[in-house]
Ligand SMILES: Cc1cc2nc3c(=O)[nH]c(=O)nc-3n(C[C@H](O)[C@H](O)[C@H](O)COP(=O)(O)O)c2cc1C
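The chain below stands alone and is given in structure tokens; this is the form predicted on its own.
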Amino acid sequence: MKAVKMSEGIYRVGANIKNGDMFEGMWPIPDGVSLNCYVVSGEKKALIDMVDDWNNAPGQIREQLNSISMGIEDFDYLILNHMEPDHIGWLQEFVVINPKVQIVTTPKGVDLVKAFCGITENVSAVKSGDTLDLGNGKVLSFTEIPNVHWPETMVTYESESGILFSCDAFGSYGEVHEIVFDDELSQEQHDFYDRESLRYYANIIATFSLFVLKAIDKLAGLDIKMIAPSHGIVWRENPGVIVERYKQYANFMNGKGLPEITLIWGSMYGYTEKVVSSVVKGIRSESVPVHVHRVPEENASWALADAWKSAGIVFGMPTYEYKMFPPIAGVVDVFEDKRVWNKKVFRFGSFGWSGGAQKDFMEKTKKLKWEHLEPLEWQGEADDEAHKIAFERGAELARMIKKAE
């Protein structure tokens, strides 16, 4: 691959990761993920964002820099918007190659450069409103956006081109190859990045949704002509699309979910499984879309993405040793961590010698601001009456979702 010109003197160089690893060690990326860096050349040269030594990412970056007759040693500045290791894992080697480079980050970022890489020389801090003049009309300005999604995060804006280098904000999963810009994508590709931006947001950013809304407000005064995130495509034709999309994602936490239901279930011996179809039929009888996920067979990543956008959630699980079925309990823990708030919720499931899952479920979710329907539990095999109630509760939840629109 070659470096992609974005504006005069500004290029995107990126690496694709698709080696079977999981993002952050837990989120599947079957279609990979890109690590994007950006070159800004004035009289001085800056590289914005960096990579980890992951799946030969440094080699991919160096190859693309070569295509514009540049090397690591040519940069005067390295702008680090965010200190997570996928962006700075190769920093020590970078500095060995280019010991004169000036590292620019936030005050908290300075501490993390030292903590992760042991580097203290040639590191300077910038705050919101600070600028860096590279010459030849290229001026970088910095805005701190803490907790999107680490406390030290900032964005960098180049005023002449109107490009916002947004780091993890406005990103998505998925490899990026020769087609880099939003206006070059087919509808099928747009649909893919739409799905993967939601999953990326739910997995990585969701916990900090209040900070996302604050960041969007803080950046509203900039004349943004292009958004260049550290993961995913570059938004050149319609940068407002991804901003509005992220604003919608953030507001899902505030009870503004879509009129859809996500059903997450797990079963030990099939007694809970047999009732899943009755609940689904009840939901569909009201013409409400339902997304069905089974755990632990499926990673919670996809269930989390669907649940994040859905106004309603259904949990199907048996009692296990007086508590929730552990795979579902794990999903509930993730939902608590990611602040899947303000949902309408129904739970059903079987038990053997004793119940207990419902009590455990209510205790674990009491901070999530959920509105609960009456649960459905039965001992052993579900009879016709249980299936009837399951259908009715599914339909009831669907009506609640439609009424709340």
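In case it trips you up, residue 1 is the first one in the sequence shown, and so on. Remember, it's a predicted structure, so these values are computed and weren't measured experimentally.
The discussion below concerns the form predicted in complex with the ligand, not included here.
**Student:** Counting non-hydrogen atoms within 4.5 angstroms of the ligand in the predicted complex, say which of Asn147, Ser267, Ser141, Ser161 makes the cut.
**Tutor:** In short, Ser267.
**Student:** Looking at Gly282, Gly109, Gly171, Pro318 here, can you tell me which has any non-hydrogen atom within 4.5 angstroms of the ligand in the predicted complex?
**Tutor:** Of the candidates Gly282, Gly109, Gly171, Pro318, Pro318 is the one lying within 4.5 Å of the ligand in the predicted complex.
**Student:** Going by heavy atoms within 4.5 Å, which of 228-236, 246-254, 132-140, 318-326 lines up against the ligand in the predicted complex?
**Tutor:** The contacting stretch here is 318-326.
**Student:** Just checking whether Glu273 would be counted as a contact of the ligand in the predicted complex - the rule being heavy atoms within 4.5 angstroms.
**Tutor:** Yes, Glu273 lies within 4.5 Å of the ligand in the predicted complex.
**Student:** How about Pro375: is it within 4.5 Å of the ligand in the predicted complex, going by heavy atoms?
**Tutor:** Contact check for Pro375: no, nothing within 4.5 Å of the ligand in the predicted complex.
**Student:** Would Gly32 sit within 4.5 Å of the ligand in the predicted complex, counting heavy atoms only?
**Tutor:** Answer no; every heavy atom of Gly32 is more than 4.5 Å from the ligand in the predicted complex.
**Student:** Answer for Asn66 alone: is it within 4.5 Å of the ligand in the predicted complex, judged on heavy atom distances?
**Tutor:** No, no contact at 4.5 Å.
**Student:** Judged by heavy atom distances of 4.5 Å or less, which residues of 325-352 approach the ligand in the predicted complex?
**Tutor:** Read in sequence order, the residues that approach the ligand (within 4.5 Å, in the predicted complex) are Ser350, Phe351, Gly352.
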